[in-house]
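Shown below, as structure tokens, is a lone chain in the form predicted on its own; questions about how it binds or moves come after it.
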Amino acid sequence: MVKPVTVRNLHGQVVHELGRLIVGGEIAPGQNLPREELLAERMNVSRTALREAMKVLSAKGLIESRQKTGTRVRDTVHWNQLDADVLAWRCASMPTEDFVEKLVEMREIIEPAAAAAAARRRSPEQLARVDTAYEAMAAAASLDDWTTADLAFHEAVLHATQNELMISLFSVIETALGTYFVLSARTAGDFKYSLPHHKKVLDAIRRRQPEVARQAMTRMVIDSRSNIRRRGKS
């Protein structure tokens, strides 16, 4: 489940269209954008709206403007990769094997530590939230229902850490996690294949067993990666 980029006005529409083309690779790093007047005409917008859009794209690290050379796409190392729009544009294109590996690596770093912290600090209300998300996963009748509940489960675990930095992180990585969960579930014969792993994480958090929770979450991530790799080779 990938959140669509919200388009509220004309310059927002230009941001979305150019951002999608850049992040999707149709306008490559190092490539110059057409001159302002030509680009405004091509996109059927005013130069004022175009300039506002360029400011937004520049703030996201996607482009840079120089007086003599014009506006060009920056190398990906300069992109704000955790920007919600950049993630949404990247996830909207079919995720590459390299991108999936990076998502796995991100999960390996963040989620086992979060599960351990949740087991140490969770309140009864936070545990109930994790449990509710698990029950929604168990009851899911479709891939969309499953993905929504899966995201809610991982968000609830992050909230149970009682670490505001971890909690804030979810809003940043939600799009990437949603894409990964859909990809993982879609490549499995049964989209509920990982339910037992989630149950082990839930039980460890319930019993306040940090290391057990850490290991259960690690196994979940590793199993998901193996499933994607296995299906990719079939």
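One-based numbering along the sequence shown. These numbers were taken from a predicted model, which means no experiment stands behind them.
Omitted from view is the form predicted in complex with the DNA, to which the following refers.
Participant: Among 173-181, 193-201, 22-30, 65-73, which stretch has residues whose heavy atoms lie within 4.5 Å of the DNA in the model of the complex?
Facilitator: So the stretch in question is 65-73.
Participant: Taking the shortest heavy atom distance, is Arg225 within 4.5 Å of the DNA in the model of the complex?
Facilitator: Outside the cut-off, so no.
Participant: Is Asn44 close enough to touch the DNA in the model of the complex, meaning at least one heavy atom pair within 4.5 Å?
Facilitator: Judged by the heavy-atom cut-off of 4.5 Å, Asn44 is in contact with the DNA in the model of the complex.
Participant: So, in the model of the complex, is Thr48 in contact with the DNA at a 4.5 angstroms heavy atom limit?
Facilitator: Residue-level check for Thr48: yes, a contact with the DNA.
Participant: Can you check whether Leu10 is within 4.5 Å of the DNA in the model of the complex, heavy atom basis?
Facilitator: Residue-level check for Leu10: yes, a contact with the DNA.
Participant: Looking at the DNA in the model of the complex, which residues in 27-43 have at least one heavy atom within 4.5 Å of it?
Facilitator: Heavy-atom contacts within 4.5 Å come from Pro34, Arg35, Glu36.
Participant: Work out whether the Cα atoms of Val15 and Thr147 come closer together or move farther apart in the model of the complex than they are in this form, the change being 3 angstroms or more.
Facilitator: The answer is farther, because the C-alphas of Val15 and Thr147 separate from each other in the model of the complex by 3 Å or more.
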